[in-house]
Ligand SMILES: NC(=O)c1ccc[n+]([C@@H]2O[C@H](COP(=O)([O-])OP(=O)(O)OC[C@H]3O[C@@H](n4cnc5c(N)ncnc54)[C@H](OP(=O)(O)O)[C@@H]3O)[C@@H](O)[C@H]2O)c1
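Just one chain follows, in the form predicted on its own, and it is written as structure tokens.
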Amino acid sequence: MKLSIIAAHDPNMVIGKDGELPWHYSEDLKFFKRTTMGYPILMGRVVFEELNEKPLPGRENVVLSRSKIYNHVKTFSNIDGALHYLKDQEKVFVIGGGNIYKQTIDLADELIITQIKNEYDGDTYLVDYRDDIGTIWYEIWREDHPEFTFVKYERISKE
């Protein structure tokens, strides 16, 4: 299984505010859908609640929660249980939130990042991977847009 983190962040690594994205870029949302379609997505409870507890279509939705069990999606209380369940999948996308990213960054094989150019106020942050570019992460693809840049990194080593 290839574990892929997909996230969008501003220059200060902000990824959320009050349980929501602090921005709305339709092209980024389309990119997210196009990239994750057909693959399982792994998310925390807060992200699932941000989606109004409605699974994203065309993808198996797997939720991590220590406090709730959802009848209409697979729910696990820890990362190990979720990854064991997903072990036979070709690729799994981790879609947040901040705590889930922290727990999976050292396990991830690739990062697919939307680097938002404007700064936003936020209360949730992505683990800062940028110091590890060239040592742990290698940039393999980039697509620039006026308000953001899509970048894909692959892991060089798991050290």
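Each residue number is its position in the shown sequence, starting from 1. Quick caveat, the model's predicted, so the values are computed rather than measured.
The protein also exists as the form predicted together with the ligand; that form is not presented, and the subsequent description refers to it.
Visitor: Report whether the minimum heavy atom distance between V73 and the ligand in the model of the complex is within 4.5 Å.
Guide: No, no contact at 4.5 Å.
Visitor: Hey, in the model of the complex, is D109 touching the ligand, heavy atoms inside 4.5 Å?
Guide: Outside the cut-off, so no.
Visitor: Determine whether any heavy atom of Q89 comes within 4.5 Å of a heavy atom of the ligand in the model of the complex, and answer yes or no.
Guide: No, Q89 sits far enough from the ligand in the model of the complex that none of its heavy atoms falls within 4.5 Å.
Visitor: Is the gap between S67 and the ligand in the model of the complex 4.5 Å or less for some heavy atom pair?
Guide: Yes, S67 sits close enough to the ligand in the model of the complex that at least one of its heavy atoms falls within 4.5 Å.
Visitor: Between E60, E27, E50, D132, only one gets a heavy atom within 4.5 angstroms of the ligand in the model of the complex; which residue is that?
Guide: Only one option qualifies, and that one is E50.
Visitor: Taking the ligand in the model of the complex, which residues of 81-103 have any heavy atom within 4.5 Å of it?
Guide: Sequence-ordered list: I95, G96, G97, G98, N99, I100, Y101, Q103.
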